[in-house]
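Shown below, as structure tokens, is a lone chain in the form predicted on its own; questions about how it binds or moves come after it.
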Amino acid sequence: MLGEGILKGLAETAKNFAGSFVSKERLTTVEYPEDRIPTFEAARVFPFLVYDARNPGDENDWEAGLRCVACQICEKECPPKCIFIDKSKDKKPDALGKQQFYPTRFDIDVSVCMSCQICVEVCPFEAIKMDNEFELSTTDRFGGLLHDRRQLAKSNEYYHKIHPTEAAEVDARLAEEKAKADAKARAAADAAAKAAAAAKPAGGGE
């Protein structure tokens, strides 16, 4: 029937309008910013960088604990090309204790970002996630919308706060990977010790 969709939409609007006088659930208008609707866990706005707290209280803790290893996959896969990364020349240990490169520069232009979450999907290190912070307006329409790695860095604790289910799954997976890496390192150390012991000449005089 021609116009059936329009009629259904108008009926839903009328139902909400009439129902708003008797049911708070039908009151769909919120007087923002005084009143706010709780953010859904699955909400996504702009990306942020996760860091694992290592030295709480240290103002540079965010830099030491960044999960990002500057692999630049997110930069290459970003559709609007709003991520800019420079890789370090040296390495530092990551969350698993493995020596990795790190970003000396990691910028995201939030005025260009389309919140597609592709950067999150392609990251193999669980280093970039989607924030739910949307109040990012600024009077600086250029530099103020280019967020650097210090602005983007947020703790794993914060990640747990906004996405508890997802963060718990990520932590469990990282813990499992760390346990495997530790077991592999112990096995290698044991094998090296046995090899050294076997190669050592037997003691005793002639």
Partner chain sequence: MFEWLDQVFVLLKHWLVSFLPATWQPVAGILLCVLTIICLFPALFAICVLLERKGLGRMQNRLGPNRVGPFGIFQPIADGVKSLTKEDLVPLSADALVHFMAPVVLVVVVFMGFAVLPMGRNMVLVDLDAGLLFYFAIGASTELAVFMAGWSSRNKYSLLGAMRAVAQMISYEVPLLLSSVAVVMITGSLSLSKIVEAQNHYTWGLPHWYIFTPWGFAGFLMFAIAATAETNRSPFDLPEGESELVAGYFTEYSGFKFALFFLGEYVGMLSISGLGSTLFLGGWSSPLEALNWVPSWIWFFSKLLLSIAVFIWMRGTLPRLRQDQLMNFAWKFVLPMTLLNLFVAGLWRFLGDGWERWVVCSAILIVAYILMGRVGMYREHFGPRRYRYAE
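None of the values given here were measured: they were computed from a predicted structure. Positions refer to the first chain, counted from 1.
Omitted from view is the form predicted in complex with its partner chain, to which the following refers.
(request) Would you mind picking the one in K178, R54, R26, K161 that has a heavy atom within 4.5 Å of its partner chain in the predicted complex? (result) Only one listed residue qualifies here, and that residue is R26.
(message) At 4.5 Å between heavy atoms, is I6 in contact with its partner chain in the predicted complex?
(response) It does: once its partner chain is placed as it appears in the predicted complex, I6 has a heavy atom within 4.5 Å of it.
(message) Since only the chain is shown here, I'm wondering whether A14 would be in contact with its partner chain in the predicted complex (any heavy atom pair within 4.5 Å).
(response) A14: yes, in contact with its partner chain in the predicted complex.
(message) Even though the partner isn't displayed, in the predicted complex is G143 close enough to its partner chain, meaning a heavy atom within 4.5 Å?
(response) No, G143 stays farther than 4.5 Å from its partner chain in the predicted complex.
(request) Answer with yes or no whether L10 is in contact with its partner chain in the predicted complex, where contact means some heavy atom within 4.5 Å. (result) Contact with its partner chain, yes.
(message) If contact means a heavy atom within 4.5 Å, which one of 148 to 156, 27 to 35, 135 to 143, 170 to 178 is the stretch that engages its partner chain in the predicted complex?
(response) Contact criterion met by 27 to 35 only.
(request) Counting only non-hydrogen atoms and a 4.5 Å cut-off, give the residues of 136 to 166 close to its partner chain in the predicted complex. (result) Sequence-ordered list is empty.
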